[in-house]
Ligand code: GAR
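Shown here is one chain on its own, the form predicted on its own, set out as structure tokens.
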């Protein structure tokens, strides 16, 4: 059976990339294969994770970013793109060329604490400021609206009375993001290879 070729776009530490790599090794992600890791940050630790796993990786910065990204993805025969802590908004033109083929993990239960300006610790700060008792993570398709694409999977996580943005971020990653992202990658990869 053909496996879907996956490119993972990263900007930072790469914990979600690591969750995907671990899931691939454990056989949770079996319909897709991580073929390429691309970072818009030359100092991203995620690049070291890709190197250790033997996955082709590269840094892409500067002018004509999306045009060069498109050429790289098409040239590598990529079927599915996963944004894993990728700190750049992709344009409507770009996302329209990859309908239901770009996934993102967001550290909240969309439609809460999402959209423009809600990323990283800011999401957890907002959840704590609002006083919510439940937060979580969402994996969704990417379209022209930040965090606006169709939801694939969600998982709730309790907010504890003594949480800080940092402790809440860690719990959401461990209990939701690192579980959901590989599950969603498998689900979508299975659909890609069946079509």
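Just so you know, these numbers come straight off a predicted model, no measurement behind them. Residue numbers count along the first chain shown, from 1.
This next part talks about the form predicted together with the ligand, which is not shown.
**Q** Should residue 82 be classed as touching the ligand in the predicted bound form when contacts are defined as heavy atoms within 4.5 Å?
**A** The answer is no: residue 82 has no heavy atom within 4.5 Å of the ligand.
**Q** Is residue 12 close enough to touch the ligand in the predicted bound form, meaning at least one heavy atom pair within 4.5 Å?
**A** It does: once the ligand is placed as it appears in the predicted bound form, residue 12 has a heavy atom within 4.5 Å of it.
**Q** Tell me, yes or no, whether residue 118 is in contact with the ligand in the predicted bound form, where a contact means a heavy atom of each within 4.5 Å.
**A** Contact check for residue 118: yes, within 4.5 Å of the ligand in the predicted bound form.
**Q** Spell out, yes or no, whether the shortest heavy atom distance between residue 184 and the ligand in the predicted bound form is within 4.5 Å.
**A** Residue-level check for residue 184: no, no contact with the ligand.
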